[in-house]
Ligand code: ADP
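We begin with a single chain expressed as structure tokens, specifically the form predicted on its own.
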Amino acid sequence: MSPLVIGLTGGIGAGKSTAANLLKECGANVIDVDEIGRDLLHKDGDAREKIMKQFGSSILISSGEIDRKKLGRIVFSDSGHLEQLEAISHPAINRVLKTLIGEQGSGIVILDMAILVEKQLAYFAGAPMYHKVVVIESPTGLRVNRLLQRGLSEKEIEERIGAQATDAERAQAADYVIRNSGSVEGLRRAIKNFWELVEIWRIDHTNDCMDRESGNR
């Protein structure tokens, strides 16, 4: 029996990772897609070599490792560079995700992923690996303040928000939108309410899988 897979996305600074942690508390298995992408820089030798060849030695630190901040400044300041990085990283990420999702016998899997609407990430054979899309939304002012607290400059924030889909584009792709006004307790209540819908989705998904496996479809 395959798990119900939900793609969880949201603009940078919207509180997506906090929401993912709260969903984990509810019982979901969370896969951090962004972390998989970060790990590629160090653990996937083929992808790492291709990235170094594409962007040169300026992205390396003294130990020889790829400096994510340096690489980020390069790719988020130029859409062409971002596409070059994604052409290397996304196929590798998709391969890892296919394996991880396949290892889940059942239940609910959350793909915590910044990029969902923009590119075919978490795709296999031309189709998404997730069954539902959930978007975390937060007012732009709150997002900017959070990102400033993380140490990003106003220019970096503008570039990174500009490189992502708009709220309207994400909402159009969403099966459900969770609004995060900044209060953790408020977000916790919203997640709790959403989890009731997730349980309905899970039952429907399980029944659909059983129908397909028994040949009734």
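Quick note: we count residues from 1 along the sequence shown, nothing fancier. The structure presented is a predicted model; accordingly, all values stated were derived computationally and were not measured.
Not on display, but discussed next: the form predicted together with adenosine-5'-diphosphate.
The shortest heavy atom separation between residue 16 and adenosine-5'-diphosphate in the model of the complex is within 4.5 Å. Among heavy atoms of residue 183, some come within 4.5 Å of adenosine-5'-diphosphate in the model of the complex. Residue contact check for residue 131: none of its heavy atoms lie within 4.5 Å of adenosine-5'-diphosphate in the model of the complex. Although the partner is absent here, residue 146 lies within 4.5 Å of adenosine-5'-diphosphate in the model of the complex, judged by heavy atoms. Residues within 4.5 angstroms of adenosine-5'-diphosphate in the model of the complex, judged by any non-hydrogen atom, belong to 183-191 and to none of the other stretches in 65-73, 46-54, 183-191, 151-159.
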